[in-house]
Every structure is written in C-alpha cells, then in structure tokens.
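One chain comes next, on its own, written out as structure tokens in the form predicted alone.
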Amino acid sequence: MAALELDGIVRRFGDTTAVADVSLRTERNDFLVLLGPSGCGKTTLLRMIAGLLSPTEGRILVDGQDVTTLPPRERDLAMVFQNYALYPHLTVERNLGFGLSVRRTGKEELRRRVDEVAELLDLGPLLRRRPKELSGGQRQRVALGRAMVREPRAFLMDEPLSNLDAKLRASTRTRLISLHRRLDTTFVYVTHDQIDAMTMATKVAVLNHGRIEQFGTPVEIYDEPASAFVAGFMGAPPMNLIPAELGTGPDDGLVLRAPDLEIPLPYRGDPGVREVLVGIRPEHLATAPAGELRGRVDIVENLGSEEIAECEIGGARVSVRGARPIGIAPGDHTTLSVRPEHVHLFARQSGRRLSWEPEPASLLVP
C-alpha cells in the first residue's frame, strides 16, 4: 500500500518539455489512470515514478518518502511493460520467480509466492511453458504475476492491454479490477483508452502536452469536464462541441445561437463572454418535433442495442446516441432537443469550462 505524491514534476529533453509542472496526490490503494493521447507525456511520467528517468525539476514521494533520487530497485515499485518483457528462454514458473531469485529469496518462500500468484491468475497449467507457447492474454498475466510475486508497495503499468483484442481487453479489465480490490494496493496505469479509465480507475489524470488538464474521479471528469479537450477526449463518441454565440433573448435570459441552433438557458445577467463552445453528450440529444437543433442525418451506425446517428448541424458534425431503433435514417431532416442542465459551456479561445455564478449573476471565465 502506498500513497503517491508528485510535486511540480518537469522533464525536458533538450529544448522539448515532455512533462510540465505536474502535481497530484493519490490516497493509498487508489487505481490512478494517466490518460491522454500519444505524445502527451504519460509514459514519461510513469518512467520517472519508476526511477527509469530522472525529473528535471520536482519531487516524487511514496508514503511521504522522497524517492526522487533513489534507483528503481530501492523504490519497491513493480513495473508491467507494454510488451510484457518476458524472458523467452525461461518457463512461466521461472519468469514469475526471476525477480525473487535475483534478490536471493529463499527457495521455500519463492515457491510459496509463485504458487499463490499462479493460482490467483490461473497460471497453474502454464508453469512449464515458455512465452512463445502462450497467447497474448496469457503473456499479459505472466507479466502481471511477475510483478505481483514481489509484493511491492505499488504497481506501475504501461498500456498492458494495448496488444489484446477487444474481447480479451474487456475480460482482462475485469480481472484487473478484481485484483486491485483483492491486493489492496496502489495501481498507476497508463493508457490512451478512455474506456480503460472509466471502468477501472478510482482517480484519473487527463494529460495534454505534458500538463494535467483535469484530475478527479471518472464520474467527475465525464460529467463536468474542465476543458473542451477533456470533453472531446472522454466518451465514445466524445462530447459534441459546437461553436456558438452567447447572447440575451427577449426576456433577458441567456440564449445560445449558431446556424441551425438556438438553445435558451435558465440564466440571467451579464454573460461576460460571447464566443463559446457548446458541449452536449450524444446520449443527451433526442429527436423532438420542436427541438433546439436542426440538421440532416448522414450516417446511422447499428451497435446492437444502440444506434449512433451522425448529423450535420450548421456545418458542425453532431453525434446522437440512443436505443435501437433511434427513429431517424440517413438523408432525414431532423430536429433535436437537449435539456438545459445537459449543456456544457467552454470559452472558445481558452477552451476552459465556464461556470455560472448566481451572485452576482454572471459566467465565471477561468
């Protein structure tokens, strides 16, 4: 069990800043997911936590201990790599116990730990095989088991599911959630897949260009994204983002206006900002005879129990998600409705979330 704290972490490679002033803190037993697109700095950050890279600035603390300058072997953290990094000439059994044998662990203790992990991960029938005789999912379990036998303070995982097919990814996610609860320790997990983050994490740090865009629970990040970047990254399909102008209506209430869009808001007062991005989750849009959005349906995707319609509204692409049949077809002209509480506003220039402050009545611009 370990609480992890990153304090002003910076990593530069020459003139390039890969990680810029990252600070966060996890509680013991958190499942922290570092989420973001390729090149955002998440793997670099994980490697600094592991001790494989040194930060240019900042501190890394594990359970209050400053480990910034400690070598990897003294941090008591176990790393699971994307390519599994198994020894091809060793059996599964010897791969599992390799780290313990290097540490000169006694034979009885080594055998006990290997047997416990093999039973937990259903690796018993595979102990005599070599990695080339295993499937991708089995190799992933061996790599995880090799880390588990060490009984570390925390597990660090660099996209361990990226080489698995969709069905195996789903089943392995379930296994990792179960393992996290059973092992009662801290996981730090790197991925670009927001489904991994939503299903497994207790905390998510969304990174963009080496900076944390938002840090919170999966529900907080999905329901109240701090920026247009986070809104457009989380969700499948992601949140619709439509450029619009914020003004006042006949009754002095605020109204969002764009081509083929007019959405009244339950706010009054000085908007403070005019150019905004309107954010609406696809599942919060529904067809209605007199909706606030008007457009043409281009594509309807059948997902089995659901359908996703892609529409063009005032030059913007808008996704609509609903139970099958969704009730519209390619070529249809349709009107869509959204409830005001499901409308998110972002400043168009900065991309930051706008929040409504009732006293005095105005939108707060970060």
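Just count from 1 along the sequence shown to find any residue number. All of these numbers come straight from a predicted model, not from anything done at the bench.
Unshown form predicted in complex with a small molecule; subsequent notes refer to it.
In short, of 31-39, 334-342, 300-308, 318-326 it is 31-39 that has heavy atoms within 4.5 Å of the small molecule in the predicted bound form. Proximity of residue 18 to the small molecule in the predicted bound form falls within the 4.5 Å heavy atom cutoff. Within 4.5 Å of some heavy atom of the small molecule in the predicted bound form lies at least one heavy atom of residue 13. Using a 4.5 angstroms limit between non-hydrogen atoms, residue 26 is distant from the small molecule in the predicted bound form.
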